[in-house]
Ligand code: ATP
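Below you'll find only one chain, the form predicted on its own, shown as structure tokens.
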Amino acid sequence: MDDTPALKVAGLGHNYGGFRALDSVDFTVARGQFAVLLGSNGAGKTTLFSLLTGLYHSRDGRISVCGHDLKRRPSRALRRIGVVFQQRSLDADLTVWQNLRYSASLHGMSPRLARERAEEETARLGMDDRMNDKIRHLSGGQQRRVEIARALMHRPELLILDEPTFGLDVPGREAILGHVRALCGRGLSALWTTHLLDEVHADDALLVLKKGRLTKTGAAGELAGCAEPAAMRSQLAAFL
């Protein structure tokens, strides 16, 4: 496996006027790694997400995706990223297939390839029987699955998800988490942002963001000093 990190962030900072939203953020996400960016509301997670996906640009620091600098080679970097936003972004009046086909066209994919990829990704998510259903007729968890399928249509190497389980019930959250973890087991890298402690597993690569600074990095269980879920959550809560 290529040892170039899927994501490397060095000295990243960002200001909103006189407010320092991010300050000297450094971390890497290895190939095939599931990394959790944990922080309370207002910690800077959304700002960091916006910088990583090219929605914002910062003068401070560097972002590299699979060895491609986001500032100097944005097209090469961004095409290696799949993105799932916190806010729903599917067209509710279109079907699952129409949403996926439109996304595929933006990546220059032929209709035939788009169909093959759409069928493959929805099958993995147990949604292949809903391809002709309009988005508005799907549950919140099903819509999230479609958004993940859409993010994977162009075969990215890194998946970045911003609070992807927002508004879902516990079974829905667990299903989405389980799917993304399984994808990492097949070589995809993922950066999962959340404020929910129960979404963190002991062997996850954990990044704790607090007031714009990374205050803890490492395996979650090691940082917490325990792997038992309830005790680990209690310790992680003290980091926020």
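Residue positions are given as counts along the sequence shown, with the first one as 1. Values in this document were obtained by computation on a predicted structure and should not be read as measured data.
What follows is about the form predicted together with the ligand, which we do not show.
Contact with the ligand in the model of the complex, judged by any heavy atom within 4.5 Å, is made by just one of 58, 47, 64, 33: 47. Residues with any non-hydrogen atom within 4.5 angstroms of the ligand in the model of the complex fall in just one of 167-175, 198-206, 34-42, 180-188: 34-42. The ligand in the model of the complex comes within 4.5 Å of a heavy atom belonging to residue 163.
The ligand is not drawn, but in the model of the complex it has a heavy atom within 4.5 Å of residue 21.
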